[in-house]
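Same chain, two versions here, written out as C-alpha coordinates and called structure 1 and structure 2.
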Structure 1
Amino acid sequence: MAKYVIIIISMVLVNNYPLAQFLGICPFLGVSKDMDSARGMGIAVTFVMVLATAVTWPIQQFLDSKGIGYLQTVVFILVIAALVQLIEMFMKKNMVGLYKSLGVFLPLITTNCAVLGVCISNIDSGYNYPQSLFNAFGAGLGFLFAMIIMAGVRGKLVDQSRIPKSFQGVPIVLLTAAIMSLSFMGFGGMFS
(Lines of atoms letter the chains of each structure in order from A and count residues from 1; the text may use other names and numbers.)
(Lines give C-alpha, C1' and ligand atoms only; values in the text may rest on other atoms or scores of the structure.)
Protein backbone atom coordinates (compact mmCIF):
# COMPACT_ATOMS: atom_id res chain seq x y z
CA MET A 1 0.00 0.00 0.00
CA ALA A 2 2.82 2.39 0.92
CA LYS A 3 4.06 1.98 -2.64
CA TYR A 4 0.80 3.34 -4.04
CA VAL A 5 0.75 6.25 -1.61
CA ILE A 6 4.26 7.14 -2.72
CA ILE A 7 3.21 7.04 -6.37
CA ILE A 8 0.32 9.41 -5.71
CA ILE A 9 2.30 11.87 -3.57
CA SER A 10 5.14 11.90 -6.03
CA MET A 11 2.76 12.61 -8.92
CA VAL A 12 1.04 15.43 -7.01
CA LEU A 13 4.10 17.18 -5.61
CA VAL A 14 7.37 16.00 -7.12
CA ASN A 15 6.34 15.18 -10.69
CA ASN A 16 3.36 17.51 -10.89
CA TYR A 17 2.25 17.39 -14.53
CA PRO A 18 1.84 21.07 -15.42
CA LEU A 19 4.50 22.42 -13.06
CA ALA A 20 7.28 19.87 -13.33
CA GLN A 21 6.69 17.95 -16.55
CA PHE A 22 5.12 20.44 -18.96
CA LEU A 23 2.09 18.30 -19.59
CA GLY A 24 -1.40 19.78 -19.80
CA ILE A 25 -0.11 23.34 -20.01
CA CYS A 26 -2.84 24.64 -22.34
CA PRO A 27 -5.77 23.98 -20.00
CA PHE A 28 -3.57 24.88 -17.03
CA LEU A 29 -3.10 28.37 -18.48
CA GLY A 30 -6.38 28.64 -20.36
CA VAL A 31 -9.05 27.38 -18.01
CA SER A 32 -7.64 28.77 -14.77
CA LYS A 33 -9.39 32.12 -15.05
CA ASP A 34 -11.89 31.40 -12.34
CA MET A 35 -12.09 28.86 -9.57
CA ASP A 36 -15.20 27.02 -10.76
CA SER A 37 -13.88 26.26 -14.23
CA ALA A 38 -10.50 25.30 -12.79
CA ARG A 39 -12.07 22.84 -10.40
CA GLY A 40 -14.39 21.41 -13.05
CA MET A 41 -11.60 20.96 -15.57
CA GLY A 42 -9.34 19.40 -12.95
CA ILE A 43 -11.94 16.85 -11.87
CA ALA A 44 -12.89 16.02 -15.46
CA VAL A 45 -9.23 15.48 -16.39
CA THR A 46 -8.63 13.24 -13.37
CA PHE A 47 -11.69 11.17 -14.26
CA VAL A 48 -10.71 10.77 -17.92
CA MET A 49 -7.07 10.02 -17.04
CA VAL A 50 -7.98 7.10 -14.78
CA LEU A 51 -10.55 5.75 -17.22
CA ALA A 52 -8.23 6.14 -20.22
CA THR A 53 -5.45 4.32 -18.36
CA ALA A 54 -7.87 1.57 -17.36
CA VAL A 55 -8.66 1.02 -21.03
CA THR A 56 -5.32 1.67 -22.76
CA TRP A 57 -3.12 -0.43 -20.48
CA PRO A 58 -4.77 -3.76 -21.42
CA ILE A 59 -4.83 -2.64 -25.06
CA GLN A 60 -1.06 -2.13 -25.01
CA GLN A 61 -0.59 -5.66 -23.64
CA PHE A 62 -2.69 -6.94 -26.53
CA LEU A 63 -0.74 -4.89 -29.10
CA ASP A 64 2.56 -6.12 -27.68
CA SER A 65 1.41 -9.74 -27.74
CA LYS A 66 0.65 -9.33 -31.43
CA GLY A 67 3.96 -7.56 -32.08
CA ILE A 68 2.31 -4.38 -33.31
CA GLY A 69 3.31 -2.12 -30.43
CA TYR A 70 4.18 0.60 -32.93
CA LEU A 71 0.45 1.27 -33.42
CA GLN A 72 0.42 2.62 -29.84
CA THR A 73 -0.01 6.31 -30.66
CA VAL A 74 -2.74 5.80 -33.27
CA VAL A 75 -4.75 3.37 -31.18
CA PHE A 76 -4.40 5.31 -27.92
CA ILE A 77 -5.55 8.63 -29.30
CA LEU A 78 -8.52 7.05 -31.08
CA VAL A 79 -9.50 5.14 -27.95
CA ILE A 80 -9.28 8.29 -25.84
CA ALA A 81 -11.38 10.24 -28.36
CA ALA A 82 -14.03 7.51 -28.45
CA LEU A 83 -13.97 7.16 -24.67
CA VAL A 84 -14.52 10.88 -24.11
CA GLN A 85 -17.39 10.85 -26.59
CA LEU A 86 -19.00 7.90 -24.79
CA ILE A 87 -18.61 9.46 -21.35
CA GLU A 88 -20.21 12.62 -22.64
CA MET A 89 -23.16 10.76 -24.13
CA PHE A 90 -23.61 8.68 -20.98
CA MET A 91 -23.46 11.73 -18.71
CA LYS A 92 -25.91 13.66 -20.85
CA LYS A 93 -28.47 10.87 -20.51
CA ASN A 94 -27.99 9.60 -16.99
CA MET A 95 -26.24 12.24 -14.91
CA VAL A 96 -27.65 15.57 -15.93
CA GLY A 97 -26.42 17.40 -12.85
CA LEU A 98 -22.85 16.21 -13.28
CA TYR A 99 -23.03 16.85 -17.01
CA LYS A 100 -23.97 20.46 -16.41
CA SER A 101 -20.90 21.06 -14.27
CA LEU A 102 -18.31 18.86 -16.02
CA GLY A 103 -19.78 18.20 -19.45
CA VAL A 104 -18.50 21.35 -21.12
CA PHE A 105 -14.94 20.38 -20.35
CA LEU A 106 -15.11 16.86 -21.70
CA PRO A 107 -14.73 17.63 -25.43
CA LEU A 108 -11.70 19.74 -24.66
CA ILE A 109 -9.94 16.83 -23.00
CA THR A 110 -9.39 14.61 -26.03
CA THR A 111 -6.42 16.61 -27.21
CA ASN A 112 -5.15 17.38 -23.74
CA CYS A 113 -1.61 16.10 -23.86
CA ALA A 114 -1.70 15.16 -20.18
CA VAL A 115 -4.20 12.36 -20.83
CA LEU A 116 -2.29 10.77 -23.70
CA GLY A 117 0.92 11.55 -21.80
CA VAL A 118 -0.11 9.60 -18.71
CA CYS A 119 -1.22 6.62 -20.80
CA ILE A 120 2.11 6.46 -22.65
CA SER A 121 4.28 7.15 -19.62
CA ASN A 122 2.55 4.33 -17.71
CA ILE A 123 3.67 1.97 -20.45
CA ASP A 124 7.14 3.51 -20.72
CA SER A 125 7.84 3.23 -17.00
CA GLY A 126 6.74 -0.40 -16.98
CA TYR A 127 4.04 0.00 -14.34
CA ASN A 128 1.69 -2.90 -13.73
CA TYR A 129 -2.08 -2.41 -13.88
CA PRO A 130 -2.82 -1.15 -10.33
CA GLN A 131 0.32 0.99 -10.35
CA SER A 132 -0.76 2.56 -13.64
CA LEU A 133 -4.20 3.36 -12.26
CA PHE A 134 -2.74 4.99 -9.15
CA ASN A 135 -0.22 6.86 -11.27
CA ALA A 136 -3.02 8.22 -13.46
CA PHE A 137 -5.07 9.18 -10.43
CA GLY A 138 -2.09 10.93 -8.86
CA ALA A 139 -1.34 12.77 -12.08
CA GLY A 140 -4.95 13.95 -12.25
CA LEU A 141 -4.91 15.07 -8.63
CA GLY A 142 -1.68 16.97 -9.22
CA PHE A 143 -3.26 18.68 -12.21
CA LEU A 144 -6.34 19.62 -10.17
CA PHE A 145 -4.08 20.91 -7.39
CA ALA A 146 -2.06 23.10 -9.76
CA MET A 147 -5.24 24.37 -11.45
CA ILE A 148 -6.77 25.45 -8.15
CA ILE A 149 -3.61 27.23 -6.99
CA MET A 150 -3.32 29.00 -10.33
CA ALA A 151 -6.98 30.06 -10.28
CA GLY A 152 -6.49 31.42 -6.78
CA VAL A 153 -3.45 33.44 -7.78
CA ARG A 154 -5.08 34.72 -10.97
CA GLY A 155 -8.09 35.89 -8.99
CA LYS A 156 -5.78 38.33 -7.23
CA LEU A 157 -3.98 39.39 -10.38
CA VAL A 158 -6.79 41.13 -12.18
CA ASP A 159 -7.44 44.81 -11.78
CA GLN A 160 -5.55 46.62 -9.10
CA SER A 161 -2.18 45.04 -9.68
CA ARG A 162 -0.72 47.34 -12.29
CA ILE A 163 0.77 44.90 -14.76
CA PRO A 164 2.96 46.44 -17.49
CA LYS A 165 1.10 46.64 -20.78
CA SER A 166 3.30 44.13 -22.61
CA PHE A 167 2.91 41.60 -19.83
CA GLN A 168 -0.85 41.71 -19.66
CA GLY A 169 -2.63 38.52 -20.60
CA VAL A 170 -0.57 35.43 -21.25
CA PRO A 171 2.93 36.58 -20.19
CA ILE A 172 2.00 37.45 -16.61
CA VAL A 173 0.30 34.06 -16.24
CA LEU A 174 3.45 32.38 -17.52
CA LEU A 175 5.53 34.31 -15.00
CA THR A 176 3.16 33.20 -12.25
CA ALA A 177 3.58 29.62 -13.44
CA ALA A 178 7.38 30.08 -13.40
CA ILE A 179 7.33 31.12 -9.75
CA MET A 180 4.94 28.30 -8.87
CA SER A 181 7.10 25.69 -10.56
CA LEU A 182 10.15 27.16 -8.83
CA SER A 183 8.53 26.50 -5.48
CA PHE A 184 7.45 23.01 -6.56
CA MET A 185 11.10 22.22 -7.30
CA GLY A 186 11.54 22.25 -3.55
CA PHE A 187 9.72 18.93 -3.42
CA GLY A 188 12.41 17.32 -5.60
CA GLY A 189 14.26 14.43 -4.06
CA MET A 190 11.55 13.73 -1.49
CA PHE A 191 11.76 10.02 -2.16
CA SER A 192 15.45 9.58 -2.73
Structure 2
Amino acid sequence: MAKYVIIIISMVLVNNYPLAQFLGICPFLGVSKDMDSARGMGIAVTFVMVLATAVTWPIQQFLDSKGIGYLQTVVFILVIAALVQLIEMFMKKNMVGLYKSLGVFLPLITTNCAVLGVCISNIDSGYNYPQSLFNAFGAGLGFLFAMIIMAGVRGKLVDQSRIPKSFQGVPIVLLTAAIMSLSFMGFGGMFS
Protein backbone atom coordinates (compact mmCIF):
# COMPACT_ATOMS: atom_id res chain seq x y z
CA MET A 1 0.00 0.00 0.00
CA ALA A 2 2.88 2.36 0.74
CA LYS A 3 4.10 1.99 -2.85
CA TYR A 4 0.74 3.17 -4.17
CA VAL A 5 0.77 6.22 -1.88
CA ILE A 6 4.29 7.05 -3.06
CA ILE A 7 3.19 6.75 -6.70
CA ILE A 8 0.29 9.15 -6.10
CA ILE A 9 2.34 11.70 -4.13
CA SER A 10 5.16 11.62 -6.67
CA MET A 11 2.72 12.24 -9.53
CA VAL A 12 1.05 15.13 -7.71
CA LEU A 13 4.20 16.91 -6.54
CA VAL A 14 7.36 15.64 -8.22
CA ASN A 15 6.20 14.56 -11.68
CA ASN A 16 3.26 16.94 -12.01
CA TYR A 17 2.31 16.81 -15.67
CA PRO A 18 1.70 20.49 -16.45
CA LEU A 19 4.28 21.94 -14.05
CA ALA A 20 7.17 19.45 -14.14
CA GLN A 21 6.73 17.52 -17.39
CA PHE A 22 5.01 20.29 -19.38
CA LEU A 23 2.24 18.02 -20.66
CA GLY A 24 -1.33 19.27 -20.94
CA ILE A 25 -0.35 22.92 -21.12
CA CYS A 26 -3.18 23.99 -23.47
CA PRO A 27 -6.06 23.24 -21.07
CA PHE A 28 -3.87 24.22 -18.11
CA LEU A 29 -3.51 27.75 -19.46
CA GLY A 30 -6.84 27.99 -21.26
CA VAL A 31 -9.32 26.73 -18.67
CA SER A 32 -7.70 28.08 -15.50
CA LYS A 33 -9.42 31.47 -15.77
CA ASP A 34 -12.02 30.67 -13.12
CA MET A 35 -12.12 28.14 -10.31
CA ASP A 36 -15.25 26.23 -11.38
CA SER A 37 -14.01 25.58 -14.91
CA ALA A 38 -10.55 24.64 -13.63
CA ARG A 39 -12.01 22.19 -11.12
CA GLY A 40 -14.35 20.69 -13.71
CA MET A 41 -11.57 20.28 -16.27
CA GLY A 42 -9.24 18.78 -13.67
CA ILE A 43 -11.85 16.23 -12.61
CA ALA A 44 -12.69 15.41 -16.24
CA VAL A 45 -9.00 14.92 -17.11
CA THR A 46 -8.48 12.76 -14.00
CA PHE A 47 -11.45 10.61 -14.94
CA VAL A 48 -10.25 10.26 -18.54
CA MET A 49 -6.70 9.41 -17.41
CA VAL A 50 -7.86 6.62 -15.11
CA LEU A 51 -10.39 5.29 -17.61
CA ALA A 52 -7.89 5.44 -20.48
CA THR A 53 -5.30 3.62 -18.38
CA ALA A 54 -7.85 0.97 -17.40
CA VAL A 55 -8.54 0.32 -21.08
CA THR A 56 -5.12 0.84 -22.68
CA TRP A 57 -2.99 -1.23 -20.28
CA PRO A 58 -4.70 -4.55 -21.17
CA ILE A 59 -4.70 -3.57 -24.84
CA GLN A 60 -0.94 -3.01 -24.69
CA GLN A 61 -0.48 -6.45 -23.14
CA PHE A 62 -2.48 -7.92 -26.02
CA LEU A 63 -0.49 -5.96 -28.61
CA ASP A 64 2.77 -7.15 -27.05
CA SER A 65 1.61 -10.77 -27.00
CA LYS A 66 0.86 -10.59 -30.74
CA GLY A 67 4.16 -8.88 -31.52
CA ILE A 68 2.55 -5.67 -32.72
CA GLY A 69 3.46 -3.38 -29.83
CA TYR A 70 4.57 -0.77 -32.36
CA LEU A 71 0.88 0.10 -32.87
CA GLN A 72 0.71 1.41 -29.30
CA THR A 73 0.43 5.12 -30.04
CA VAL A 74 -2.18 4.77 -32.78
CA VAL A 75 -4.35 2.42 -30.73
CA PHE A 76 -4.04 4.58 -27.61
CA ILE A 77 -5.08 7.71 -29.51
CA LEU A 78 -8.14 5.93 -30.91
CA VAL A 79 -9.14 4.59 -27.49
CA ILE A 80 -8.70 7.99 -25.81
CA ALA A 81 -10.70 9.72 -28.55
CA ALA A 82 -13.56 7.25 -28.16
CA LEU A 83 -13.57 7.62 -24.36
CA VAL A 84 -13.61 11.41 -24.53
CA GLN A 85 -16.50 11.34 -27.00
CA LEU A 86 -18.49 9.13 -24.61
CA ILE A 87 -17.75 11.46 -21.69
CA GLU A 88 -18.64 14.50 -23.78
CA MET A 89 -22.01 13.00 -24.72
CA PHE A 90 -22.67 12.11 -21.07
CA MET A 91 -21.79 15.62 -19.85
CA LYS A 92 -23.83 17.28 -22.61
CA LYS A 93 -26.89 15.37 -21.43
CA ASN A 94 -26.38 15.31 -17.65
CA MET A 95 -24.02 18.19 -16.72
CA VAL A 96 -25.04 20.98 -19.07
CA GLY A 97 -23.52 23.84 -17.02
CA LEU A 98 -20.11 22.20 -16.76
CA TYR A 99 -20.30 21.15 -20.41
CA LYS A 100 -20.88 24.76 -21.49
CA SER A 101 -18.21 26.19 -19.17
CA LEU A 102 -15.57 23.81 -20.51
CA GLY A 103 -16.55 24.72 -24.06
CA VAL A 104 -14.01 23.81 -26.71
CA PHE A 105 -11.57 22.47 -24.13
CA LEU A 106 -13.61 19.33 -23.42
CA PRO A 107 -13.09 17.88 -26.92
CA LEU A 108 -9.45 18.95 -26.60
CA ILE A 109 -8.99 16.32 -23.89
CA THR A 110 -8.82 13.95 -26.86
CA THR A 111 -5.61 15.62 -27.95
CA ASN A 112 -4.37 16.37 -24.43
CA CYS A 113 -0.87 14.97 -24.45
CA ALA A 114 -1.06 14.41 -20.67
CA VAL A 115 -3.68 11.68 -21.17
CA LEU A 116 -1.63 9.93 -23.84
CA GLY A 117 1.52 10.57 -21.80
CA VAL A 118 0.20 8.81 -18.71
CA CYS A 119 -0.89 5.78 -20.74
CA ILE A 120 2.51 5.45 -22.38
CA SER A 121 4.35 6.26 -19.14
CA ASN A 122 2.59 3.38 -17.38
CA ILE A 123 3.90 0.94 -19.97
CA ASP A 124 7.39 2.46 -20.13
CA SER A 125 7.71 2.46 -16.33
CA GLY A 126 6.85 -1.24 -16.21
CA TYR A 127 3.91 -0.73 -13.86
CA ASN A 128 1.50 -3.58 -13.34
CA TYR A 129 -2.23 -2.95 -13.70
CA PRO A 130 -2.97 -1.61 -10.18
CA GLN A 131 0.18 0.53 -10.18
CA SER A 132 -0.83 1.94 -13.57
CA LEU A 133 -4.25 2.88 -12.25
CA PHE A 134 -2.74 4.60 -9.20
CA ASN A 135 -0.21 6.37 -11.42
CA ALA A 136 -3.00 7.65 -13.67
CA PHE A 137 -5.04 8.74 -10.65
CA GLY A 138 -2.04 10.55 -9.18
CA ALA A 139 -1.32 12.23 -12.52
CA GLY A 140 -4.93 13.37 -12.69
CA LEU A 141 -4.83 14.67 -9.13
CA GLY A 142 -1.63 16.53 -9.97
CA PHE A 143 -3.30 18.06 -13.01
CA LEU A 144 -6.32 19.04 -10.88
CA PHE A 145 -4.01 20.47 -8.19
CA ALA A 146 -2.12 22.56 -10.73
CA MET A 147 -5.36 23.78 -12.32
CA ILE A 148 -6.81 24.86 -8.99
CA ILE A 149 -3.64 26.66 -7.92
CA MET A 150 -3.39 28.43 -11.28
CA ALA A 151 -7.07 29.47 -11.17
CA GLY A 152 -6.60 30.84 -7.66
CA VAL A 153 -3.50 32.79 -8.60
CA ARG A 154 -5.12 34.13 -11.78
CA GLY A 155 -8.15 35.23 -9.78
CA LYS A 156 -5.94 37.18 -7.39
CA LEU A 157 -3.93 38.67 -10.25
CA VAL A 158 -6.99 40.03 -11.96
CA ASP A 159 -8.70 41.27 -8.80
CA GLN A 160 -5.86 42.64 -6.70
CA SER A 161 -2.85 43.41 -8.84
CA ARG A 162 -1.77 46.38 -10.87
CA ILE A 163 -0.13 44.60 -13.76
CA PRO A 164 1.93 46.73 -16.18
CA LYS A 165 0.24 47.02 -19.56
CA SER A 166 2.98 45.05 -21.34
CA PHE A 167 2.45 42.07 -18.98
CA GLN A 168 -1.35 41.96 -19.07
CA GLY A 169 -3.04 38.90 -20.55
CA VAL A 170 -0.95 36.01 -21.80
CA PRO A 171 2.47 37.25 -20.61
CA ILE A 172 1.49 37.35 -16.93
CA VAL A 173 -0.18 33.94 -17.22
CA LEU A 174 2.99 32.42 -18.73
CA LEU A 175 5.16 34.12 -16.11
CA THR A 176 2.89 32.78 -13.35
CA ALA A 177 3.07 29.26 -14.81
CA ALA A 178 6.87 29.51 -14.97
CA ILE A 179 7.12 30.55 -11.32
CA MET A 180 4.75 27.76 -10.31
CA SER A 181 6.86 25.30 -12.28
CA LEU A 182 10.00 26.49 -10.51
CA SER A 183 8.33 26.04 -7.15
CA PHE A 184 7.40 22.45 -7.99
CA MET A 185 11.01 21.72 -8.91
CA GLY A 186 11.72 21.97 -5.18
CA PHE A 187 9.94 18.64 -4.69
CA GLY A 188 12.35 16.96 -7.13
CA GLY A 189 14.45 15.08 -4.58
CA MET A 190 11.60 13.72 -2.48
CA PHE A 191 11.57 10.22 -4.00
CA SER A 192 14.35 8.16 -5.48
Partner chain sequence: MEKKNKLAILANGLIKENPVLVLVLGTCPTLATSTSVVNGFGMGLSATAVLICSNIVISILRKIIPDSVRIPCYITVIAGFVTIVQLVVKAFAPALDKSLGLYLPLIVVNCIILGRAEMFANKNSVIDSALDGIGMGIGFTFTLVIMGSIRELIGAGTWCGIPVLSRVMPGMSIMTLVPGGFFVYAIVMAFVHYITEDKSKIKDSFGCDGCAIADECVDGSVRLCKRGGGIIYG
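Predicted model, so just to flag it, every value in this text is computed and none were measured. Numbering for residues begins at 1 and runs along the sequence of structure 1. Throughout, rigid core stands for the largest set of C-alpha atoms superposing within 1.5 Å between the two forms.
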item: Chain form predicted together with the partner chain, by structure number; value: 1
item: Yes/no, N128 Cα shift of 2 Å or more between the two structures with rigid core fixed; value: no
item: Cα displacement of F62 between the two structures reaching 2 Å, rigid core superposed; value: no
